[in-house]
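Heads up, the chain below is alone and in the form predicted alone; it's given as structure tokens.
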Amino acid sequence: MGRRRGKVFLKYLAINIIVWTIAILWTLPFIGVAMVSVKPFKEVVINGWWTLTGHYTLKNFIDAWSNPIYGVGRGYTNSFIIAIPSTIIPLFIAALAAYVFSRFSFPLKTWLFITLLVIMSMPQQMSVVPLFFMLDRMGLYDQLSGLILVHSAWGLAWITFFLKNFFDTLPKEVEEAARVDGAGDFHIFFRLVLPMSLPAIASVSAIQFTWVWSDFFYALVFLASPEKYVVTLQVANMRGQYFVDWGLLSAGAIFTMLVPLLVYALLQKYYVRGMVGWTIKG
């Protein structure tokens, strides 16, 4: 018995060492960015980011936020204007579609679901040229509404797939009992299914919001006016023509990361349950 406990302890210790090593390696780049962001440019160039001695300052954060041309503050506003509706719109439409796929039978159901999987597998770069011409003809090029439309359309496929799998794990007996009592499909969906699906909805919201907030490619292609740049474009344009102020760039990068980190921190308990919920039938 003692030898068995010793083996279990050694196994537990080895797993913890491996996990903590991976965690430290993952956080090392962030530590480097944080160190550079609070140091003057001269010290970063001469001493590097790994030295703890030297001067510390918040000037990089102030300059990154209030830069008159490429300030992160303006980028924050544009990113929120795009990310919030680009999360709510596809979530609402995809939730309805996912419930239909999960609970109802209709012609071409299987083929439509396969189409969703195909759309999910397509890289964004394949669609950028036709999307460019489509938005230009619709008068939505260089408009925040055009980018909202693009992100919402791309989010529909994977959100429908995700929520459909989660809805499949929900007990149908509750819905059948409500239907016997005279409840309609919409009443059941909004009053029963959605409240039970809160973990999945939180997971989807966190992932979709983060993807839209972190988008650089579509924003670069479909936005031309500097006053409409999102936060990722603003940070990229902080790079100087003749030299790179690493402290300024690091401060801008931290500003960009703060919002997704806050979203995951607030939705963490729901996020984990939603991610594993549809992998375990219960």
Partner chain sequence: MFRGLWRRSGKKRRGRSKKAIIITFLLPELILLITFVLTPIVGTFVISFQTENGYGPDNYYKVITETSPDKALVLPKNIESLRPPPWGALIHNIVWVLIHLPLVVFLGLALAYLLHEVKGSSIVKTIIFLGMVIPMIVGGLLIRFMYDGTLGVVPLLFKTLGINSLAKTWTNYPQTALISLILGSVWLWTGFSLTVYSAAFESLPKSYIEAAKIDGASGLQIFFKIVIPLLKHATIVVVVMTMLWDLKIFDIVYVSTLGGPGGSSNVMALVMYLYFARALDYGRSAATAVILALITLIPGAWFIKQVMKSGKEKR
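Residue numbers count along the first chain shown, from 1. Rigid core here is just the name for the largest C-alpha set that superposes within 1.5 Å across the two forms. Note that this is a predicted model, so its numbers are computed, not measured.
One more form of this protein, predicted in complex with its partner chain, exists but is not displayed; see below.
At 4.5 Å between heavy atoms, is residue 81 in contact with its partner chain in the predicted complex? Because no heavy atom of residue 81 falls inside 4.5 Å of its partner chain in the predicted complex, the answer is no.
Taking the shortest heavy atom distance, is residue 142 within 4.5 Å of its partner chain in the predicted complex? No.
With a 4.5 Å heavy atom cut-off, would you call residue 76 a contact of its partner chain in the predicted complex? Judged by the heavy-atom cut-off of 4.5 Å, residue 76 is well away from its partner chain in the predicted complex.
Look up in the predicted complex whether residue 224 has a non-hydrogen atom within 4.5 angstroms of its partner chain, and give yes or no. The answer is no: residue 224 has no heavy atom within 4.5 Å of its partner chain.
Counting only non-hydrogen atoms and a 4.5 Å cut-off, give the residues of 202-239 close to its partner chain in the predicted complex. Counting only heavy atoms within 4.5 Å of its partner chain in the predicted complex, the contacting residues of 202-239 are 210, 213, 214, 216, 217, 220, 221, 232, 235, 236, 239.
When the rigid core is used for the superposition, does residue 217 move between the shown form and the other one (threshold: C-alpha shift of 2 Å or more)? It does not, since the residue 217 C-alpha is displaced less than 2 Å between the shown form and the other one after the core fit.
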